[in-house]
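Here you'll find one protein chain in two forms, each presented separately as structure tokens under the names structure 1 and structure 2.
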Structure 1
């Protein structure tokens, strides 16, 4: 037995008739939960007798409190009738109660045999019938009003008040502890030295040899609060693993800015300046001054590709406007990074990838958000061909999406900057799903950037893939702020 247990027992000794656990906690100056845990332990050792019970108390509802204060409606009706009979439609006015209350008043006055009805032509007249006395309900109501609550009994007055919604029942748990003869004996025993914490001082002075250590309640250990947890965000973890896979396939990671020149987001990708995707509805423009392309020759080359083409190409045949290319947007595709990589000068063979945020105006719903992650990559080498491109896509499908080889196929597609263009289709959950777009960059795109060898290019949409992989129902969960959700995901 330790000190606090002894204190509890001593208090119990003073209250030989038994004491409620709440009062006990107060008397011992400990909190209620500790008191209950000590009582539990003492009871297991038969030092006390612990009787747990539940008590129901009646307390007034707001309506009940109002009637206790101002009188029950039937009483008000009776008081009004003492001055003379009343026509039924005039009850509310004469008794100074609301129309709803007048219905209640009639019902209960009649039950109490206080009133009687008579007919005068079409009118119904009410008069006093018997003596008006204080009812049990009224008495009880006043009692609860004055004493704040009363122990609930299963009697008619209680039931009536409950049915009239004037009282409500609150259940209170009670534990009465009573000391046993064994308990009384235990108080006499010398206090055993048990401690709950080994201290540096004890180690220093060797006092630990004289004390016992308090045993833990194993059930209690299971009920301890959650441990603090350091954890990677589940979606970023998914992206991180994907990067690892691409590095394993020999791809080198590159990055680029989120705020981007239209030049890199569109023009360098050979998207004509009147292309519908350059419309205000398809890209977020930023409230910033014009940026700079920084390389006059590069800009002129790209402009020429648009206006007149390169090699044997005709180009778009429309005038190219550098000012438009210098506007700043939030990038709408990570292909910007591929274009920047090519323009910076490449030594084949080169394999590059970029995973990052892109932004597109859209209606937000369970599968669309304004920003999402994209994964783009290129393979630059003299001998690359369409068949190699399909080979890479198939590798991605199998190695990254975990698809079976038979669940992979290809469909035609279109991007202004690739030709041929192809869509990777993967069967997921029995359904053919578009898993990524790819193609070989057009010469009109690569030549102005100074690249003369074939460039295989591919892009995978990550968020939908992550939703399938992580079993999410809503794309917004990728940005969840719920710490419990993040902990469990």
Structure 2
């Protein structure tokens, strides 16, 4: 036994009922990790009893602290209703809460049976349905706010606050040490004369042969707390590396708005106005005033291409409606950025790419979501042909996705704005997957935008590719907030 271990045993002897490891470290004037290492060794030698446990504590999030100070949204709504009924569209104003909080207030006020709904013509009216009382959640929120924290219990009020992101759970480890009869006897034994450092003088005069060296408990070192180092979120890192590779291939990055005119999302891409994608079930249309195309000549050229075509093309042969083209939608494809880039005027040769979110109505499950990331790109050059397009696609598959040349193949496909069109198939982690679509923009699209040279175009669905590349089964894992999951990725 060395001097540090003797000091710990002497402190424990004064606390026969046991003492917490943190208090012990303070009493011995040593750091906590050293104290735990010593306690581990003493426990193995049966000189102390060491009982370890964990406790979960609830602490308020910033949002929870704000509600504790100012009141829960549902309580503010209930207080406002005491003055009279409220039209549902005026909740935020009358209750002095934000539009987002008004939805939260409705949900929880209804769950508490505080309100009821009625109709006044086309208006929905909210009224008080029962007595307004202080809920367990409200009491608990105030308790945690006053005491700074509370021991977490697996009860409905705690779970409700946790699900509402008003509290977060903090795990605290506890170790109680108590000296044993063997430990008390060990205090009476003479202290071993050991040293902890070998000096050059000892080696020179040979004294190292006559002294005892302190033993080191490597098991204790292996039990040191894990250090979690910060790192970039794995999906963001995947996108970052993709951008770096595309820039390395000579492409320049471009960006565009998430909300678009149907003109750029569809009409400029030579998608007919009676195309199924114009239906509300295939695109998110926003309840906003119509926008402005801002270029009468461009609008006329696109309309002419739809109605009569260009050169030998006959177009779609239907009347083009500019009013429909000025409706506002959430963009359903990043090809809108390619169209805007071409319309702004380009000087060949040009290589451009865009990575961004797109939105499409879908049934949400483990592999589908309402929004996902897409990567679009174009190459503008008078010497480009379909052969060069296939060459670019193979380069993407090999250099970007790490596929072998033998694991790349192409299949004919169809897109309204390219002809010919092709689908890139790549074998990643032993699985064949559709990596993206590509083709040469049709003259009916490029001519109205002022471009008379070939334009190679391609688009990749990044979320699906990232899932395969990162070996994920659920698309929701791409944006997981589970720290343990993120640390292991």
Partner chain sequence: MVTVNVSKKYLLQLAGKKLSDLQLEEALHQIKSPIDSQDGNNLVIEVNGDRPDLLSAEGISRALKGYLGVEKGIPSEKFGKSGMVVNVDSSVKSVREFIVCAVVENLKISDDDLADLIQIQEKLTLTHGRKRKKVAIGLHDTSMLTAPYFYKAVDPKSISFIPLGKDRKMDLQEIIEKHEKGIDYAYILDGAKKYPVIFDSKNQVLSFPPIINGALTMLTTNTKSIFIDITGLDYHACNIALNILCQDFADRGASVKTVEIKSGGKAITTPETAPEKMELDIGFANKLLGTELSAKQIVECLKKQRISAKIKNPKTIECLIPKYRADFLHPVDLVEEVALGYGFNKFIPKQPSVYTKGELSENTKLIDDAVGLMIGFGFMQINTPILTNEKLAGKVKSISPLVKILNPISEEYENVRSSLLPQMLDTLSKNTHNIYPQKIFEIGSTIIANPKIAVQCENNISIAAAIASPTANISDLSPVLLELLGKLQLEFDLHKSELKMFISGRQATLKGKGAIFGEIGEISPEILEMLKMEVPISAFEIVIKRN
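Here the structure is a predicted model, which is why all the values come from computation and not from measurement. Positions refer to the first chain, counted from 1. Rigid core here is just the name for the largest C-alpha set that superposes within 1.5 Å across the two forms.
Between the two copies of this chain, it is structure 2 that is the form predicted alone. After superposition on the rigid core, the Cα atom of residue 89 is displaced by 2 Å or more between the two structures. The Cα position of residue 43 differs by 2 Å or more between the two structures after fitting on the rigid core. Residue displacement note: residue 152 has its CA displaced by at least 2 Å between the two structures (rigid core superposed). In the core-aligned comparison between the two structures, the Cα atom of residue 431 sits 3.1 Å away from its counterpart. Its Cα shifted by 69.3 Å between the two structures, residue 123 is reported here after superposition on the rigid core.
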